[in-house]
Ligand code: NAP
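Take a look at this single chain in C-alpha cells; it is the form predicted alone.
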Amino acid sequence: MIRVAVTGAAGRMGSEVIRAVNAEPDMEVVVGVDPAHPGETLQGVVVSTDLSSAIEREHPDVMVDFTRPDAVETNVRTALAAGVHCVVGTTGIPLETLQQLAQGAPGQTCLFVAPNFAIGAVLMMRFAAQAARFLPHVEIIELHHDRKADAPSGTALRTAALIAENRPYVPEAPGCETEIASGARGALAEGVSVHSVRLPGLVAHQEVIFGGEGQTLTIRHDSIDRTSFMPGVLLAIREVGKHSGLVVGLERLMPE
C-alpha cells in the first residue's frame, strides 16, 4: 500500500487527486495539507496546516503537490528532507530551482515533475517534437482557465523545448518588429512564438500549429475535465519510487 500525502488538498486538483488515489486498491491518502482549510475533512481525510508535522505523524511514501509556485518549493524541500518522494504538478518553477532541490535530497529520493499529467497531452508533445524535424515553422496557442497562476503554461514551455531539440533550424518570427500592440505576436520560448489565453470556462487546451509550403499541420489536445490528469498522476505515484534525483516529464515514465 503506497501512502500518499496531498498538498493543496482542498484545491480543485488536490481534491480530485484524493478521490482518484482513494479509489485505487494499492494506495491511500494518509495526509492532506492545505493552510486555508485547517481541520476540515475532505473525503475522509482530515486537513492539516503543517506538512512537516503531518509527515512525521503519518509517514507517507509519496507527496503529490498541486499548489502554487510560491508554495511548492517549501513543500518539496520539506518532503525530500524527510525522504518522501515528490510528484509535482505545480508549474512556474525554474528548472534551476528544481535541480537544486533534487541535489539536496537523500540519495534514493526522487523529485518528479510534469507540466501535464494527461496522457493525450504527452502524446501531443511527442507528436509535435516529431513534426518539428520536418516543419520547423511553428507557433503554440495554449488556453487555460482564468485562475491559472502562470503564463505561458508549463505544457507550452515543455512543448517549445522539445521542438527546439528536434527542429533543424530556428526560423525568424516575423512581425514582432512591427507590432501595433505590444505582445500581439506572443512571447518567444525557445524561439517558438507562444500565445496564452485565459478565460473562465476553459480547463487546459493547447494547439501546436506548423506551417510549410502550401500546407499547415495542427496538433491539438483538450482536457475538458480534471479527471483527464488522474491516470498520469496515479502512474507517477506508482513509478516515482523506482527513480532518484530529478525526473521531468510524464513521458519518462511511460513505455516507448
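Residue positions are given as counts along the sequence shown, with the first one as 1. Keep in mind it's a predicted model, so treat the numbers as computed, not measured.
The following text describes the form predicted together with the ligand, which does not appear among the structures shown.
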| query | finding |
| --- | --- |
| Contact stretch among 78 to 86, 130 to 138, 100 to 108, 146 to 154 - heavy atom within 4.5 Å of the ligand in the predicted complex | 146 to 154 |
| Proximity of residue 13 to the ligand in the predicted complex, heavy atoms at 4.5 Å | yes |
| Contact of residue 71 with the ligand in the predicted complex (heavy atom, 4.5 Å) | yes |
| The ligand contact in the predicted complex: residue 112, any heavy atom under 4.5 Å | no |
| Residue 229, heavy atom within 4.5 angstroms of the ligand in the predicted complex | yes |
| Stretch 22 to 61 - residues with a heavy atom within 4.5 Å of the ligand in the predicted complex | 33, 34, 35, 36 |
